[in-house]
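Consider the single chain below, provided in structure tokens and representing the form predicted alone.
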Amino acid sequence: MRKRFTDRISHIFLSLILVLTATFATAQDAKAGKSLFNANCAACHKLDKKLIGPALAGITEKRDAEWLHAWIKDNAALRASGDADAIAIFEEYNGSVMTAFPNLSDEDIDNILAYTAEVPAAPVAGPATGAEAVVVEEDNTVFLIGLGAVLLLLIVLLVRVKNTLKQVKGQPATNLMEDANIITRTALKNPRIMTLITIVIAVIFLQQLFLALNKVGVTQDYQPEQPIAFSHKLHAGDNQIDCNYCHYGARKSMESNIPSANVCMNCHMNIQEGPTTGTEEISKIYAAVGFDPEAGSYIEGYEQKPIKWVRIHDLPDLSYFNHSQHVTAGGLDCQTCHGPVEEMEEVYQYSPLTMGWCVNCHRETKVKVESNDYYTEMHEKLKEKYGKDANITVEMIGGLECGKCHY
């Protein structure tokens, strides 16, 4: 009896191990399949919707595994064999030839199919990251009212103390308004006090005027709302896209161009959903250029609409600034002027871009003489003049000449 019970427990335990092992193996297959899918299939297929090719979620329920293996490894050979389904798919997608994958093993294909058989997890709702975080400012109104009440109470107490002292001396008591009137008349009659008051008022006025004039045309921290919530942190930071890929004009011309929507479409023709805003912001690009993400093609005869980006960095017309001079010849990083753009969700003006700021930079920045062929002849002369190991700054090569920036 005991042996039968032991055997039954052993069978149950062994079955449980087999079930867990199979579940673990399936999970591992799907995990490996996801990596293979992203590397080989994701450029043309999505799980949940049609891209260049059909959606692949649940494909194992529509086709048997043997047919799928043959199609993935060499779909051209499958069509050549006269397979009706293969020919029908080829014609449905206007003769678009799918890449053959003879390098994938049967195990690799099974892993990919296991991944497509999984139901995609629903996205977890979280706080919106496309908009700016709302900063709650502390309200000090109650504190200020309380402080004012305390000061008023102290003034009243001081007046009462003063009147008490007057009464002790046998003098008549006065109220607050009478005291203020006496002080004002005394000050107006005293030329020294009036001169001091006039000087204090004039200094305060001139200081405030100077500060106000210094802010004219200075837009540091300017961060306008843009028509598309483009995240530089995601593109330049997380994905490490070179600034010059989009702003290619910075290397070759005076202006660092605002990229056209065609540059965006180089990636977003295939990447149709963002990690934070989903399809909401990318769909605005499609609406501008007339791209149908379902069909994977541009809409014929569509009237394209410009994306009205708001300019952030805008120097006055009296100043000349050449991006290529700084980026290509000077070898400066974009962050020197624009700050840590790769950390910004929405770009803002990091530096003041004032004349004083530029002059200080020219005084402190060393010229990259080594491995810089842009001014080979000038560099040789500078080495002769200041010495081979001298720290040559931009100021030494005429960086403070008026005509360099004000032509």
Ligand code: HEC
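Note that the coordinates shown come from a computational prediction; the quantities given were computed from them, not determined experimentally. Residue numbers here begin at 1 and follow the sequence given. Superpose the two forms; the largest set of C-alphas matching within 1.5 Å is the rigid core.
What comes next is about the form predicted together with the named molecule, which is not displayed.
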query: Contact between residue 309 and the named molecule in the predicted bound form at 4.5 Å, heavy atoms?
result: yes
- request: With heavy atoms only and a cut-off of 4.5 Å, decide whether residue 381 touches the named molecule in the predicted bound form.
  value: no
- prompt: Is there a non-hydrogen atom of residue 50 within 4.5 angstroms of a non-hydrogen atom of the named molecule in the predicted bound form?
  reply: no
message: in the predicted bound form, is there a heavy atom of the named molecule that lies within 4.5 Å of any heavy atom of residue 333, even though the partner is absent here?
response: yes
Of 275, 191, 102, 301, the one that lies within 4.5 Å of the named molecule in the predicted bound form (heavy atoms): 275
task: Check each of 258, 117, 196, 287 and return the one that places a heavy atom within 4.5 angstroms of the named molecule in the predicted bound form.
output: 258
statement: Looking in the predicted bound form, the residues of 305-328 with a heavy atom no more than 4.5 Å from the named molecule, listed in order, are 309, 310, 311, 312, 313, 314, 315, 316, 318, 319, 320, 321, 323, 325, 326, 327
task: Taking the rigid core as the superposition reference, indicate whether the CA of residue 34 shifts 2 angstroms or more between this form and the one not shown.
output: yes
- prompt: Any chance the CA of residue 354 moves 2 angstroms or more between this form and the one not shown, core superposed?
  reply: no
- prompt: C-alpha of residue 65: shift of 2 angstroms or more between this form and the one not shown, rigid core aligned?
  reply: yes
field: Shift in CA distance, residue 99 and residue 274, in the predicted bound form relative to the form shown here, given it is 3 Å or more
entry: farther
